[in-house]
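Consider the single chain below, provided in structure tokens and representing the form predicted alone.
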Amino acid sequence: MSFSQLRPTQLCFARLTPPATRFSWRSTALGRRYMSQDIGRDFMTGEASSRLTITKTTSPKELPPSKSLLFGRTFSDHMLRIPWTEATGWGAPSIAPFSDINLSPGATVLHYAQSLFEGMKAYRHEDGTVTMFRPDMNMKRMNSSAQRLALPTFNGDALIECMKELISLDRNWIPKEPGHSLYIRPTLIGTNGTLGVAPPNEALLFVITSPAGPYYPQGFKPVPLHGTTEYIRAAPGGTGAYKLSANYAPGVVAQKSAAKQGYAQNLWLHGPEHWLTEVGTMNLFVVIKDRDGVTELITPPLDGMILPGVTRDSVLTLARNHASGAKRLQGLPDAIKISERPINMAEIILSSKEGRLVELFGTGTAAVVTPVERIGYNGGDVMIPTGEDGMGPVSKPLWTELVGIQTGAIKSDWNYVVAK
């Protein structure tokens, strides 16, 4: 569905500026408050009903040493908030010092898990330019998740513009060391304090950011997976294809169970045929050679149970561009087949026995690529080949290209400029 097709209750909180002025500031100082004149018109009325305001902190926090960063433990100085009510639509976006959120004990997010989120990153390039990686994909998925929970949808481009202002304000929180980034967490929750399972009539969209170090600071370390048959992550017709908060809490017990058995994460299996779906909270890729020696890169299809990951889509696009000759990647096999198809443990075991199993890896925003060394399944281990550096012959060139794009070493229109 295009944004122009949104229903009247699905209000857009901002009108985009023309491209020529998209990154410009025309600000009026009001003490320590500033108002951007570039953001803020309600699409329903065409009137300037909301404007982004920025209140700078008077007590900037000390930036932690980059080597001490732990994922999601430290947050930058500011956050973005945008309220919504059924009666008035989206309110004025505001950037203010990072602080707690006041909620009624009866808030629907607390009782009925009316909550969704996204995970994305901003990168600092060698020339100082700051970019976001494919935020349009995150906005599309976030709106899809909002529709699934009967939460209000929004104009994704407008939210990107607001996030650019937040990141630009806190750009000093992006570590300068290679492999580091600023993790961005947009979240949408139902906030009305009335019990009853129904669409919320009040909501809050907020964005927080956190400096992040490299996922593998000491180099790639392949992980062991537990082929989980006693729990499932998702089912047909459920919510597996959406990034909902409620999808994650039930996985903690399964992960603890896997850890007790000596595995780092779960390989989520589904159905009596034990179809592979996802790896922990990551999308899954398998590389197998057919009996003619052709390399096949396989990932489960988006059948309603699989989250449409941004990194997943990026890997598929890079691989398909290589296969078509649009852009060859050094190190990838010349002849490679890219498949979005079901694959089960029987095929994994057979290809392993016949020496045709090349590698298995997960993909996601945090780690980009996570190689797998073995799968615990039905009382035994299926061993997965890995290279000397921990990666495989297909994942390594794909990871190299993807990270090169994210860090600016390789030019790409996937990067959205935040600040120069």
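Being a predicted model, the structure only gives us computed values, none of them experimental. Note that residue numbering follows the sequence shown and begins at 1.
The form predicted in complex with a further copy of the same chain is left out here; the points below concern that form.
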(request) Given that the partner is absent here, state which listed stretch (310 to 318, 86 to 94, 195 to 203, 172 to 180) has heavy atoms within 4.5 Å of a further copy of the same chain in the predicted complex. (result) 195 to 203
(request) Flag this candidate site as yes only if 189, 230 and 246 all have a heavy atom within 4.5 Å of a further copy of the same chain in the predicted complex; otherwise mark no. (result) yes
(message) Quick check on residue 114: any heavy atom within 4.5 Å of a further copy of the same chain in the predicted complex?
(response) yes
(message) Under a 4.5 Å heavy atom criterion, is residue 73 part of the interface with a further copy of the same chain in the predicted complex?
(response) yes
(message) Can you work out whether residue 291 and a further copy of the same chain are in contact in the predicted complex, taking contact to mean some heavy atom pair no more than 4.5 Å apart?
(response) no
(message) Please tell me whether any heavy atom belonging to residue 148 falls inside 4.5 Å of a heavy atom of a further copy of the same chain, as the geometry stands in the predicted complex.
(response) yes
(request) Quick one: from 101, 350, 335, 302, grab the residue that has a heavy atom within 4.5 Å of a further copy of the same chain in the predicted complex. (result) 101
(request) Go through 185, 141, 164, 274 and name the one with a heavy atom inside 4.5 Å of a further copy of the same chain in the predicted complex. (result) 185
